[in-house]
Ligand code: ASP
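Presented below, as structure tokens, is a lone chain in the form predicted alone.
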């Protein structure tokens, strides 16, 4: 006698067939897994994150936040920021064209940004709560993962150069405070007084922050900012560097992610070079730059999806926003950010220079 069919069996088979058809219609995301039918914000066409550019040899950033909006930025200000980024790119580009390595290229690029008062590093550094300047920087070489950094320096015009000297002339990675200033002077960097770093813009920001109170200042994305660079040279060597004045009204002695290898800066040949900008405490807790590298090296991810996951998906859950520039040794470049905007630009192997300063670019 033929057994009677069961209605629930027919229903289950129908649902299984429908689910299989729907799953097969979804595009594959990085790693080969079906992508969500509803793509997260920032992903072109609903697929996985795409690189910002290819064939890039050098990239820089000038900080993440909401400092520049197209609707209230005049042509003169726009030109000044674009020229600042482009000048830094040209400085690093010249090094690479002369056959220099990626470490020299990122140092040259960051030095230009440190000398430009528009950016929160070197000359344009913000004031801490005591109306002083304490600067941080780091550099990392991808070939052997050597690194150097300085934190809380007060008399170094170009902290990125001091960081490179720590890497090349000491057996340490990080020097801080007065000892770091003294080392830089002994190593040949001419010291400057605190007055060198003073700008009216940063003073006004400090006064505004003091009037608003520390809680309001912490919520103001426009005061976050850092500069950095990543490069790949003719030998496919990667390097990264980051430099900052910190955050307006920060506690004296506060150190953010910029001088911390693995948080604000990371480079490993064959994997990625990365430099971060944003809310430093969160980037430290999330080990931002190193996590991008680990996702690529151990997770089989591409640079764009790895950087996107860290900056847009992971760090906001820890309570912080910002951005990162990431470059692999094939010239694949990504620049995701969870803040409204991020100042950045890049140079290609053909010599093209591109700058992006507005959120809609």
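Numbering follows the first chain given and starts at 1. Everything quoted here is computed from the prediction, not taken from an experiment.
Omitted here: the form predicted in complex with aspartic acid. The next part is about that form.
- When aspartic acid is considered in the predicted complex, only one residue from 138, 275, 102, 226 comes within 4.5 Å through any heavy atom, namely 226.
- Shown without its partner, this chain lists 142, 92, 148, 246 as candidates; in the predicted complex, only 246 has a non-hydrogen atom within 4.5 angstroms of aspartic acid.
- Taken together, the three residues 84, 111 and 114 lack any non-hydrogen atom within 4.5 angstroms of aspartic acid in the predicted complex.
- Shown alone here, residue 258 lies within 4.5 Å of aspartic acid in the predicted complex, counting heavy atoms only.
- In the predicted complex, none of the heavy atoms of residue 122 sits within 4.5 Å of a heavy atom of aspartic acid.
- Using a 4.5 Å cutoff between non-hydrogen atoms, residue 254 counts as a contact of aspartic acid in the predicted complex.
- Heavy atoms within 4.5 Å of aspartic acid in the predicted complex are found in exactly one of 94 to 102, 246 to 254, 198 to 206, 233 to 241, that being 246 to 254.
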